[in-house]
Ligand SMILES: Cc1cc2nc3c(=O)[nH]c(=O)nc-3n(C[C@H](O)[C@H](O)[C@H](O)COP(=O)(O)O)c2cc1C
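One chain follows as structure tokens, the form predicted alone.
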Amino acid sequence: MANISTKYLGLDLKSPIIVGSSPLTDSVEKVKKLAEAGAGAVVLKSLFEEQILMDVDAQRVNNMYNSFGDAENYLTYYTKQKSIGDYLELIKDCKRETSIPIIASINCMSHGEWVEFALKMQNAGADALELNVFVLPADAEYTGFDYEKSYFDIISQINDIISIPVAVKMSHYFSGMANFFTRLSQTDIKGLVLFNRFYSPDVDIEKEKVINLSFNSLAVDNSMVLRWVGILAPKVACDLVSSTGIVDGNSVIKNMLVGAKAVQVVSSIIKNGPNVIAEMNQSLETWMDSKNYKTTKEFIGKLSQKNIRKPILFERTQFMKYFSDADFVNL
């Protein structure tokens, strides 16, 4: 029987299915159900940089005056402090109630004092930390170099403070992406997660207002992930994880074949429930048995860019008929 376990960030995962940061992972009860369903690891719902900085500011106010001067200040401090404290308790509870790796998560866009909170996460028992960096290059005053530098600054500061492995969840908004991701992988980080999903605007033409597009990903969204995992797998010096458009066992297999050590799943679990994890695991195991693979290591990266006969297939961006017309369905 095939062994579907894998190794990510130096952690042993019984399954390559990681439940991504989301409302699915915001309580110990939910995390227990995901673990029971066969998840290899979970990334806890993210704390935002702003939340942590507000906590820092509240503590400064308290230290400055050595007391809470009025009810409003007390309630503000209490609310923010409780949010931070609850997150650390969530880490402790999940570690106590499950046996799978628990990955803490912080949404951030700059380096600064919030970074010190990562040490509290480590001390609470987190097995690793995922940095969900959400810097949209929309400021015309900033160059690509400025944006890239912010990532290196965050990583440098984080790795000076904690010893648990760090992964960075990346977007695709970079001009020289292969070069940048390769340089990032040569720092002290242990993993890159491709790709981050941002808020996506839509327009309601009847109400004439900007609205939020559905956050859930679809199978078609995985195409870009497959391309870049396949291109980067032979180049980077850290683990790669696929995120976005992982909807079933087949998509798990595809992403591992091009070089992903594991995959992150959210939308499919929201839609179908935790049992979809067991179905994905079973599909992977059945496929491995049919191919006589005993371990995932035997096929991870088998179809990365360096290992296929026509590596240009990963880079082709324009449609080109390099086969005979008979090989194509008329459009």
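Bear in mind that the values here come from a model prediction, so they are computed numbers and not experimental data. In case it trips you up, residue 1 is the first one in the sequence shown, and so on.
There is also a form predicted in complex with the ligand; it is not shown, and the following applies to it.
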*Joint contact, Lys45, Ser217 and Val265 to the ligand in the predicted complex, by non-hydrogen atom at 4.5 Å*: yes
*asked:* If contact means a heavy atom within 4.5 Å, which one of 189-197, 144-152, 118-126, 92-100 is the stretch that engages the ligand in the predicted complex?
replied: 189-197
*the ligand contact at Gly245 in the predicted complex, heavy atom, 4.5 Å*: yes
*Classify Lys261 as contacting or not contacting the ligand in the predicted complex by the rule of any non-hydrogen atom within 4.5 angstroms, answering yes or no.*
no
_So, Pro16 and the ligand: in the predicted complex, are they within 4.5 Å at any heavy atom pair?_
no
_So in the predicted complex, is the ligand close enough to Pro23 to count as touching (4.5 Å, heavy atoms)?_
yes
*Could you work out which of Asn107, Gln157, Ser171, Ser185 is the residue within 4.5 angstroms of the ligand in the predicted complex, going by heavy atoms?*
Asn107
